[in-house]
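Quick heads-up: it's one chain on its own, the form predicted alone, in structure tokens.
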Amino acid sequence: MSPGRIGVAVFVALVVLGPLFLPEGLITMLNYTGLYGLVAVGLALVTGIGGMTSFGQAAFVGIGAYATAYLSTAAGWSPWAALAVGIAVTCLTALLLGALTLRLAGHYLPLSTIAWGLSLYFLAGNMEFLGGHSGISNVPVVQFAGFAFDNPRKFSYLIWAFVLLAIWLLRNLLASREGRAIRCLKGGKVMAESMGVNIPRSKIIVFVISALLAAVSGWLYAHLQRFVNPTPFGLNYGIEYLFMAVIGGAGYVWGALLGAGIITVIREWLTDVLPGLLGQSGSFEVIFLAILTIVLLQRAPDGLWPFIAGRFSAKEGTKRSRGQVEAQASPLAKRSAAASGTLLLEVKEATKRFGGLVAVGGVSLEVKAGEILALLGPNGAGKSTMFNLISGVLPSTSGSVSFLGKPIDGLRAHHIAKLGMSRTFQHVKLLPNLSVLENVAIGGHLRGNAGIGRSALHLERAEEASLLAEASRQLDRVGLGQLKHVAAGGLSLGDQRILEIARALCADPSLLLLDEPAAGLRLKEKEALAALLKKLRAEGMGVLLVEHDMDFVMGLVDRIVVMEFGQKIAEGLPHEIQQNPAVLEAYLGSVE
């Protein structure tokens, strides 16, 4: 058994046996660690993994608490029915708030979470039917199958059943196709959309899941305390939840739970010790916790979990053995290849303006199946902008772009990817903490269909095995098979570029866009890449590439388009381009 599994087994044994022999004070801390941990785990998903900072999770805790408190006291509903209503209300609220705020970028998103967190807090405190600031008392005891959770020891089992269930579901989710899409939200959005990931959808999913975990925590809190008022759902608690996730390790599910435990224990200890040391009472523990948080963030910006779990946690949710994957896998369906000579891409007078700057001005080109077209030009010629117009990363100002006979102007990148276009990037875009295998599997996102529910319940195993087996096959195809389980961030720049090609091929495209694929490669690697591209051309794939290595280009491509200052200055066969006066003048006799 691995050290990680042993650690989980010991922890589960503690929460199962702890309520039987721990003193009341430790039972209280154990219960509140679980309650806070549920919220912190949701924050790890939305902030640490999803990259969206939220200070408003306490408001969702309040929705869950008030829903059950009101319905179970004023309306006489059972706590379980009230839980269902609380989850539904939270889901609708999160969908509405997410639609309004998740499109915001930079500091505007966390500021907006502060705004609606404060709004919901004051709303609860000023509504008479919710008891105002006095709250709601006499919340009933939770019962299940005739068993009453009527004291903290018994209630501990209910709390930790939800916590462990949440961790199991989230770890399953993060180890899936949907989980890879979620991991792309932090630093990989442009790449992910080009691979077919619907980024707005993934953002909403992450936001709603984190809100639902907070609401469940509120439901548990209300029935543990049997009393609810607005105080525990204010902005200060929202900030504290975020501190818990960050201190433990916001990028790790177990790390967030660790942070909740550390803050809970230290705060309780300081509350008991500091009044005696300082000779007066007060909220001095807040000051000490703030100082501790600052020190920890300086010394361990990624949280404490990486130090405790080491390499195991760095690969959380991503570990698969090659033998298991390939033994269970069945091949993925492939799209029908276009007949050689079929027009794949047609660009007519494409123009892109950024204010007064014309980055691309009226450029036309076309790529056919079974053809390699090179797009050349000096730095600043507009080649990468052209790639972004074609792949949907940027909208064009005017002109038209068609793929397989369909206009794709205005389509988002993930819609274009679904049609059969895949690409690499001038500046490599990878998820450095994931394995090489899982980075390539992102390219196969559209070749699977398991959703959030199936992924969380681990019912997508057959599809996941097929996706990883396809990723493995593409890595073997490009010569990186021996590096499948290495962290992608540890590869050389040349290997990272080859990895991007494997990821693009995993999408089973009809048209491949390669932005400087040979940059950083050694001679033998370039020769292997050229051989691969020639094989793809023979299979009927169209390839559009940007490259600076003229020796590599001239012996490989069928036609060349040359750009300068956003304009097309030449088009023709390789030997024609080499003798073109406009090209020679643009390059001053050499190609960079």
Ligand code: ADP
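The model shown is predicted, which means the values in this text are computed figures rather than measured ones. We number the residues from 1 along the sequence you see.
Just so it is clear, the following notes concern the form predicted together with this ligand, a form of the same protein that is not shown.
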item	value
Proximity to this ligand in the predicted bound form (heavy atom, within 4.5 Å), stretch among 192-200, 208-216, 382-390, 266-274	382-390
The single option of 340, 426, 402, 172 touching this ligand in the predicted bound form, heavy atom within 4.5 Å	426
Interface residue in the predicted bound form among 354, 108, 144, 157, criterion: non-hydrogen atom within 4.5 angstroms of this ligand	354
is_contact(residue 359, this ligand) in the predicted bound form, heavy atom dist at most 4.5 Å	yes
Contact of residue 520 with this ligand in the predicted bound form (heavy atom, 4.5 Å)	no
4.5 angstroms heavy atom contact with this ligand in the predicted bound form for residue 378	yes
Heavy atom within 4.5 Å of this ligand in the predicted bound form - qualifying residues of 451-478	none
